[in-house]
Ligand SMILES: Cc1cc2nc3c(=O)[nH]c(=O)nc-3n(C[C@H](O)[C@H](O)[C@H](O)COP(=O)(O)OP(=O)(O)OC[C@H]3O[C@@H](n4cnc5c(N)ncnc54)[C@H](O)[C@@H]3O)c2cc1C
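Have a look below at one chain only, the form predicted alone, in structure tokens format.
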Amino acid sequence: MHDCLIIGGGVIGLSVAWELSRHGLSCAVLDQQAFGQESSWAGAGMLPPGNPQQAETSDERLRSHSHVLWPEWSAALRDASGIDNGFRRDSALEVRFAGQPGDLDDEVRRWLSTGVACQPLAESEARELEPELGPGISAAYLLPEHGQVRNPRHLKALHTACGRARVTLLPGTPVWEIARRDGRVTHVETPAGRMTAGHYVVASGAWSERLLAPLGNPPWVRPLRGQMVLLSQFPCSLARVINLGHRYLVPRGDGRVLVGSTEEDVGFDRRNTAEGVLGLLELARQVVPALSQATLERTWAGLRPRSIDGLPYLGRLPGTDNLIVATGHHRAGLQLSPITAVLVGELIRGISPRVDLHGFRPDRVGSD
């Protein structure tokens, strides 16, 4: 019997397994398909900054603690796996086009009030940093501590590190049922047979609600499709991430630029659509006109697990002592994976979590 059985082999599940293995706990990770093939792989790998000493909201506290963990996690993963996940801090620009000069003032004040370096920029200053930006910049600021990671490489590093740590990895193994008796999970039923553990973690992304529903009062989790486009251009027109609210362009340093992302409530439909792809191509052309001559290399889509209020579900499922929920991260699964894994590990090891988890409890019906 393992110390912990983790249901879901995306970036959250693999991170939890690796964290527990570093503390000497035995783990098994199950997934209904190959590991890391949903939203973990599909995202752009952006890592917004944070400051734990001045973070005020639940979201800011989680993000800021993960920001601090990323350099150590990346170095430790490289040592454990031999794979460089591409982590770096190379700054990001937030820009608006054809709006009002003060459109980003509130965001700048918020970053500064929480102790995060943020530099407002005039149009000329933004163009000095990124000369290929399109016309009509109305507002901009720089986040010098913003980072990124190559998420496919990161997932490969996690998978390799878990394997070397003797984590039992079971892709293509869906969980049919979670059995509970007297307030504890007793086992799970799978095509490979019945499996037992001391603790259980549900990190199944958009599928988590379906899995937990038979236990009663499951967290509200729904899939939200995000379409992505990969362009290639040599030399690349961008040096750093460009954000426009929830949309973005991410240069990869090898001549490729990720363009994302749509947000579509279409259930479990992972198709790319002409409308979605054309919208992203138009975004790229507007932000960096030179990208209209780039090569369209690839398109894909992932299903992000959104929660009822935008915050992840993180903590013990009420009425079930040995089952922890870690899902609903929406767009921030990769970004928040280190702190999520650390907090789950602290709960399992009986240590008081370093972040107050009340705002993330699985039974909430909305934000507090």
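Being a predicted model, the structure only gives us computed values, none of them experimental. All residue numbers refer to positions in the sequence shown, first residue = 1.
There is another form of this protein, the form predicted in complex with this ligand, and it is not shown here; the text below is about that form.
Touches this ligand in the model of the complex: Pro52 (any heavy atom, 4.5 Å): Pro52 lies outside the contact set for this ligand.
Interface membership of Gln32, this ligand in the model of the complex, 4.5 Å heavy atom rule: It does: once this ligand is placed as it appears in the model of the complex, Gln32 has a heavy atom within 4.5 Å of it.
Pro174, heavy atom within 4.5 angstroms of this ligand in the model of the complex: Because a heavy atom of Pro174 falls inside 4.5 Å of this ligand in the model of the complex, the answer is yes.
is_contact(Tyr248, this ligand) in the model of the complex, heavy atom dist at most 4.5 Å: Yes, Tyr248 sits close enough to this ligand in the model of the complex that at least one of its heavy atoms falls within 4.5 Å.
Option from 100-108, 225-233, 73-81, 124-132 whose residues, in the model of the complex, bring a heavy atom within 4.5 Å of this ligand: Heavy atoms within 4.5 Å of this ligand in the model of the complex occur in 225-233.
Sole residue of Leu62, Leu303, Cys27, Leu343 within 4.5 Å of this ligand in the model of the complex, by heavy atom: Result of the distance check: Leu303.
Those residues of 203-239 which, in the model of the complex, come within 4.5 Å of this ligand by heavy atom: Going through 203-239 in order - heavy atoms within 4.5 Å of this ligand in the model of the complex - the hits are Ala203, Ser204, Gly205, Trp207, Leu211, Gly226, Met228.
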